[in-house]
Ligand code: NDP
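This document opens with one chain alone, in structure tokens, the form predicted on its own.
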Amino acid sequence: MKVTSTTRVLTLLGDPVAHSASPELQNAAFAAAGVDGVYVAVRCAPDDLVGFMRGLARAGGGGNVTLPHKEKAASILDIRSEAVRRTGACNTFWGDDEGRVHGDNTDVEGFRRALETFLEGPTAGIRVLLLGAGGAARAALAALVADRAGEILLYNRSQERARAVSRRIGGPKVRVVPIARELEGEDFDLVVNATRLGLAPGDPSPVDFRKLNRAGAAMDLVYGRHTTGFVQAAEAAGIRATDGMDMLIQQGAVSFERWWGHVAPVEAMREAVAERQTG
């Protein structure tokens, strides 16, 4: 990869970012597509987010935003997609010729594509337990509601935050669970982990699958070189499970399409991630 004065700089802004597979994924995509860009991960403090986003966008670049900045990023944008307006969170941004900062929440479409592949069937009518109330949870909830999932139970340590997310996105199909004990003996077609638990190798699962009556499948939105505690717990209970790697690839593909205006080379992205996992 040759970097010159005309190379477009795309970044991942967040904290932490050291674990991210996005640089390998996007740089492989840029090379496969023959676009003049480079993608780097930058650890970013909250007070620095405005400067990074506006500076990069005005210089012709852009990037992604990850934990814990997705909600703040939405407030920085000049032009918001419907997904950003719906969720109040932004994970992808870029600039235009007039210096305006555009943003999208590609986690919504990324979750939808990954879930469709994982379930091998329709989302309509399924009963879901969604854990978390941050940016990833908002994206997952927006996708589930749009795809006509059945009842969705939302659990988060902060009940107030969960209720705010439910009011903004959920509607009548979403029920906030105030305490974890109320989940005992429940049946779900799908359990989704949208919390931060799992980023560190020693993190426990945010739910005890043994206390549920049934869980048809388990989807973690966290990924890493390690197997997350959520996936380990699900598989130990005999539940089919997946981590967040495919969602990363799918949302990355949508981000690529926003930046470059043409279809992403998804297979090249998959190969880059597979090499990272085995490297």
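Position 1 is the first residue in the sequence shown; the rest follow in order. Here the rigid core means the biggest group of C-alpha atoms that line up within 1.5 Å when the two forms are laid on top of each other. Keep in mind it's a predicted model, so treat the numbers as computed, not measured.
There is another form of the same protein, the form predicted together with the ligand; it is not shown, and what comes next is about it.
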Candidate stretches 65-73, 47-55, 233-241, 32-40 - the one whose heavy atoms come within 4.5 Å of the ligand in the model of the complex: 65-73
May I ask you to state whether Arg175 is within 4.5 Å of the ligand in the model of the complex, using heavy atom distances? no
Classify Arg100 as contacting or not contacting the ligand in the model of the complex by the rule of any non-hydrogen atom within 4.5 angstroms, answering yes or no. no
How about Ala218 - does it come within 4.5 Å of the ligand in the model of the complex, if we only consider non-hydrogen atoms? no
Hey, in the model of the complex, is Gly88 touching the ligand, heavy atoms inside 4.5 Å? no
With the partner omitted here, the residue among Val192, Leu115, Ala133, Ala83 that in the model of the complex has a heavy atom within 4.5 Å of the ligand is Ala133
Report the residue, out of Ile126, Leu129, Leu197, Ile169, that has at least one non-hydrogen atom within 4.5 angstroms of the ligand in the model of the complex. Leu197
Using a 4.5 Å heavy atom cut-off, are Asp107, Asn156 and Val222 all in contact with the ligand in the model of the complex? yes
So that I can tell if Asp203 moves, could you say whether its C-alpha shifts by at least 2 Å between the shown form and the other one after the core superposition? yes
